[in-house]
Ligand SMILES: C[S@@+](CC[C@H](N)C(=O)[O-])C[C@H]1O[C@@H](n2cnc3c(N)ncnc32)[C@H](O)[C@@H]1O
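Take a look at this single chain in structure tokens; it is the form predicted on its own.
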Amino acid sequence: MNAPDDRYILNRDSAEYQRLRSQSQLWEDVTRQLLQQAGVRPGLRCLDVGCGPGEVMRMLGELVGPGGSVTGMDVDGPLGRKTAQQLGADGGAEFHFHEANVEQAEDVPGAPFDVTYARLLLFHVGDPVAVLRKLWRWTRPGGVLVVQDYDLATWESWPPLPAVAEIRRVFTAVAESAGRDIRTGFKLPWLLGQAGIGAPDGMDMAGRQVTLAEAVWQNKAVYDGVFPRAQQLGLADPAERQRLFDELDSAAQAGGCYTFTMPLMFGAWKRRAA
């Protein structure tokens, strides 16, 4: 569960870590392509801010190889340290972990880096512009900043399933109550400009449609992730949760040709002048 002062609006438990791993696999090819477009290559030193269970750390390690290094940074110390140890045991790049809250941290060991990366981080912070300025400061001259984030406006199903619409409504209400912007990804170029970084050198946008089974699992996992906060806000209760999940299960059992779209993933990168 979340710590009392944790601004992450979802839970921090094994179920959420599994959802994050599944989400990473869904976007792995998109992220890899963006990193390669941004010039990530063997031998570079990388920082992954908000690294979570480390799927992008692993990918960065593959791209930079034995001569490179990857430092993960996250508020979740036990998860991050375990991840870095596991990745390091597999060989290849050198892996490190730094436990810190990006909104409070001023320095990172090893900074500045050749590559500073963050995926689905800016949505979860109170001041994305201030965080982008930090990420830019942690990027060396000649290095590159790469960010990716969601636009949740495209999260829907066709034919419409009321349960999906309700789960999206509850998630959005919880996010907005915490000052989160569900269109953060769409606004990345503007946020970079506001941070004084300037227009991106490259941008990307990708969408995903998922199967009925994947959609049911993802919607349940997201709803459970925000359920404690939704209860506190009077947006949900156990009976309503069960009703929504029963509706999703009934749709899955009935089959049919549903279209489920994930939130759009926007990406942008900017190289710092040498």
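Values in this document were obtained by computation on a predicted structure and should not be read as measured data. Position 1 is the first residue in the sequence shown; the rest follow in order.
One more form of this protein should be noted, the form predicted in complex with this ligand, which is absent from this view; the next part is about it.
Chemist: Only one of these stretches, 191 to 199, 135 to 143, 156 to 164, 121 to 129, has heavy atoms within 4.5 Å of this ligand in the predicted complex; which one is it?
Modeler: Heavy-atom contact with the partner occurs in 121 to 129.
Chemist: Any chance Asp151 has a heavy atom within 4.5 Å of this ligand in the predicted complex?
Modeler: No.
Chemist: Residue-level question: is Asp76 within 4.5 Å of this ligand in the predicted complex, judged on heavy atoms?
Modeler: Yes - in the predicted complex, heavy atoms of Asp76 and this ligand come within 4.5 Å of each other.
Chemist: Residue-level contact is defined here as any heavy atom of the residue lying within 4.5 Å of this ligand in the predicted complex; does Leu47 satisfy this criterion?
Modeler: Leu47 lies outside the contact set for this ligand.
Chemist: When the contact criterion is heavy atoms within 4.5 Å, does Ala93 count as touching this ligand in the predicted complex?
Modeler: Heavy-atom contact with this ligand at 4.5 Å: absent for Ala93.
Chemist: Could you check which residue among Met203, Ala175, Ala100, Ala111 gets a heavy atom within 4.5 Å of this ligand in the predicted complex?
Modeler: Selected residue: Ala100.
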